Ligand code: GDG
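Shown here is one chain on its own, the form predicted on its own, set out as structure tokens.
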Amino acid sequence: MWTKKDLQQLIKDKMGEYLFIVVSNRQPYVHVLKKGKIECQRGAGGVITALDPVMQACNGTWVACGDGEADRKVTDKQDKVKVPPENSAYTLKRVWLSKEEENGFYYGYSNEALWPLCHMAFERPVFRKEDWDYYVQVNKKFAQAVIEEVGNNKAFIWIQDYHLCLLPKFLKEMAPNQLIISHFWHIPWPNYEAFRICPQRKEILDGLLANDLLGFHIRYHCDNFFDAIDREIESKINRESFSIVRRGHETFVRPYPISVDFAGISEISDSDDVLKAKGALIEELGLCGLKVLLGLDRIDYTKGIPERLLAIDRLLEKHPELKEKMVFLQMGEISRIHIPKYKALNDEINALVEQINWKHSTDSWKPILLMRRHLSFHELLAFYRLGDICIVSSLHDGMNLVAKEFISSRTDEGGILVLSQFTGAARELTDAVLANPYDREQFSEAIFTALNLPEDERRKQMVKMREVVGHSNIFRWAGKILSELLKFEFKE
């Protein structure tokens, strides 16, 4: 089993003389103002969940967009700040975007074009030339920030996700002999029939082929990428070595199922702070004596939140005996609210919660509690610990780390995971209660099955899933990628 120390030793032994730089759109820590004081919050999202413990083991540099209201107040002249605040382990270098750049690059091309293109959630992508222009401009801005950091050194660069498709190419053009570049794609890669509608598909593929190593969650996404290359780009595909040669440059493509810091989460979950936070949540929300069903998501149309609410509605229609005995607690931060589809989704969720609560509530009880507030990491783990069932109902998800965080937090070996079969995690967590969120009847029955699972069967399932996540933890994921990356040699 890979540990944090194993990863640290690998980096010390093999990467000591080189720089190690992670690049992503979203930053791992955000500085905000609260009651006139600067407070540092851990960022939300799967990329942060996965990579923050890796970076704390690596002592590298993380380049990301600065978007917190107090971010500029704490950075130095090179736009850097040490993080995390309580135990500085690595450097965060911030890239600043104008509102126009943020709107075109992030809200526009990244999240109205690429995000729906890659997720089979039946949302039509929107391609606007001005958004693409900003996408190119911001990718160049990131390239300049990385090159500033590299200077005259040699560096391993690890790029994250769909926001930075063009960055590998720009970096190789600016410093062809100084960089070895890996890129991990955190969302699904679509099949070719979906991908071919993208007007900039050749530019995206060309950008990604500048990587030395390109990673996806599962083999199916790798195969989809090969199909796109085969149809669109003149290159030599080697299915045996799983690589692509384009203009003399070879890119290796690999599946790397992402995970979480199992040992770290397990340890913190048993702490007094988490147990106190759990007690506070139970008291605040009046959960004592109730079966608690959990949902934890960023408010996004790929997460299947309306489908989840409708399944709870159907559950109570079919099993009215559950009234006043259970509650569904949905926690979710609003995201991308500037995009009309996300605003409409938020309104739809509000309406469904109100409708279902009106339909099923009694004088002293309502079935659904909807909360939208930022949770500290300790509160997040407390949230997981108070649940009898955690429901993950993504309509399409590259992996889904909520499922793995929930399992990692359950050192009590309690709780059941109801998991969408359309997540990458469903391929590993086969002992979860699997559900089809598109099928309201089957979904509600899956929840009912989970509620009525015998205690010994619950425990057996959780023990097996904890073994899976414990073995395939975040340090094993990072170690496998970095071990592969370290096989590459810098050009002279």
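Quick note: we count residues from 1 along the sequence shown, nothing fancier. Just so it is clear, the structure is predicted and the values come from calculations on it, not from any experiment.
The form predicted together with the named molecule exists for this protein as well; it is not shown, and the discussion that follows is about that form.
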Inset, instruction - Counting only non-hydrogen atoms, choose the one of 232 to 240, 191 to 199, 73 to 81, 291 to 299 that falls within 4.5 Å of the named molecule in the predicted complex. - result: 291 to 299
Legend entry - Lys341: touches the named molecule in the predicted complex, heavy atom cutoff 4.5 angstroms: no
Inset, instruction - Please check if Leu375 has a heavy atom lying within 4.5 Å of any heavy atom of the named molecule in the predicted complex. - result: yes
Legend entry - Glu333, heavy atom within 4.5 angstroms of the named molecule in the predicted complex: yes
Inset, instruction - Indicate whether the named molecule has at least one heavy atom within 4.5 Å of a heavy atom of Leu401 in the predicted complex. - result: yes
Legend entry - Option touching the named molecule, based on a heavy atom within 4.5 Å in the predicted complex, out of His163, Arg410, His186, Arg308: His186
Legend entry - Of Tyr90, Phe252, Tyr384, Phe226, the one that lies within 4.5 Å of the named molecule in the predicted complex (heavy atoms): Tyr384
Inset, instruction - Just give me the residues of 198 to 217, first to last, that have a heavy atom within 4.5 Å of the named molecule in the predicted complex. - result: His217
Inset, instruction - Over in the other structure, so in the predicted complex, do Gly45 and Asp300 pull closer or drift farther apart at the C-alpha level? The difference is 3 angstroms or more. - result: farther
Inset, instruction - Report the direction of the Cα distance change between Arg308 and Arg42 in the predicted complex, compared with the displayed form, as closer or farther; the change is 3 Å or more. - result: farther
